[in-house]
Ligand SMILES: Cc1ncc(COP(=O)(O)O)c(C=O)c1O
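Here you get one chain, nothing else, as C-alpha cells; it is the form predicted on its own.
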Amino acid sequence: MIYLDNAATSHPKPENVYVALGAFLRQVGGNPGRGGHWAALEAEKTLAEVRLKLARLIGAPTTPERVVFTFNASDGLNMAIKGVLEDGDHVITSGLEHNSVMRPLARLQETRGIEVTVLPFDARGLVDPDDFRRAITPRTRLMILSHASNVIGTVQPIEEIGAIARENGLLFLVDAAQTMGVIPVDVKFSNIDLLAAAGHKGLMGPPGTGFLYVGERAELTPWREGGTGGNSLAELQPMEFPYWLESGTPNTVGIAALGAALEYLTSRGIEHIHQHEMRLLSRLAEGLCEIEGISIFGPTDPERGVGVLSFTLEGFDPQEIGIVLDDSFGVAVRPGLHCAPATHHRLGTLPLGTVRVSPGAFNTEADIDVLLEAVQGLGGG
C-alpha cells in the first residue's frame, strides 16, 4: 500500500516506536503513581520524561507539569473549550476549524448561551488578523484558531493573532493537530495560552496519544475527575498540575512510544521532514495542474503550508476516486469532508468534499508518481 493519508494519522511509524511499545508492556507495565514498587515508579518516570520533552518542543521547558496528556487533539480541544468558557461568553474562531472545535462550540451555544463569531479566510486560505481584532466585544473570552487547516494545509499567522489576544486580555487556543512535529511552535513567542495536539500525526507516536498545554493565564474547570495516584483523601480533584486535568490510568504504553517518536524527530529534524513533505507536495501539485478538470485547494509554498493538499476532478465524486485509487492502485487517500464542513462550505466543495493527499516522512517521489498516473488515467489523459 502507498499510504498518503498522514493528516489523519502518520504511517508507518519510526521503527523505535514499535520497539518502545513492546518494551514498555513487557519490561515495565506498571500504573504510574499507583504504588511504590519499581514498575509504578518507572512508569511515572517515563511520563515525566515525555512530558518534559513535549514542554521543550513547544518552548515551555520551565513548566512541564502544565503539559497534560490527552487521548488525541479532540480530547484536548474539548478539555480547553469546555473548561474555559462560561455562560454568555463570546468566542472568535475561523471557518477553517475541525469539528473538534465547531461541535463543542455548537453544544455550548445550545446549553450555555455562548456567542460564536466565525471569521472567513481568503483565497490563499489565510485568516486576516485584523478580523480577529474587529470581532472583539466586551464579552469575548477566547480566540480559537487551527494552526494549519486539515483540508488545505495553510499555516496561519498565529504570532500576530496571539499578540492581539494578549493585548486585549483574551485567551488564545491553538489547534496544532496538523503542525506539531512538522513546523516549530513556540507558545511563549506566539502568546499561546492553550495548545492542543495529537501524538499520532506529525509527532509520529501511536494512536490514543496527545496533549494539551495550559498556560498560567488559563484557568480551566476539569471535565474528567477521579483517581490521580496521590492525595486520595481529597474529596475534590487535586488542583495542582497535571493532576487537575488528568484522571484515571493514562495510556502509558502509548506515551512511552510517543517519547521514542520524539527521539526520532530530534535525530532526523523537524525542518528536514517538513522540507521533504513539501517537495513531494510540490511535485504532486505540478502534476495535477497538467490534468484537465482538476481543481486544487491548498498552498505548496513551504513558507505557507504543511503537507496537505486537496483536489477535485470534474465529473467524479471524490469517494469514487478514493475507492479506485485504493482498489486498483493500492493508494490510500482521504476523500470527503474531513470533519471540517465549515471549510468545505467556504471552498464551495459541499456536499461531496475533496480528495485529500497528505504525504509523510516515509513517502517517496515514486509514490507521488503512482498517484499522478492513476488520476491522469481517470481524467482520460
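The first residue of the shown sequence is 1; numbering continues from there. Values in this document were obtained by computation on a predicted structure and should not be read as measured data.
One more form of this protein should be noted, the form predicted together with the ligand, which is absent from this view; the next part is about it.
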Taking the partner as it appears in the predicted bound form, which of 323 to 331, 66 to 74, 29 to 37, 310 to 318 has residues with heavy atoms within 4.5 Å of the ligand? 66 to 74
Residue within 4.5 Å of the ligand in the predicted bound form by heavy atom, from Leu194, Ala261, Ala148, Ile161, is Ala148
The ligand is absent from this chain, but in the predicted bound form, do Glu277, Arg283 and Ser358 each have a non-hydrogen atom within 4.5 Å of it? no
So, Ala198 and the ligand: in the predicted bound form, are they within 4.5 Å at any heavy atom pair? yes
Does the 4.5 Å heavy atom contact test between Thr140 and the ligand in the predicted bound form come out positive? no
Heavy atoms within 4.5 Å of the ligand in the predicted bound form: does Gln178 have any? yes
Ala7 versus the ligand, in the predicted bound form: is there a non-hydrogen atom within 4.5 Å? yes
Taking the ligand in the predicted bound form and a 4.5 Å non-hydrogen atom cutoff, the residues of 88 to 123 making contact are His98, Ser100
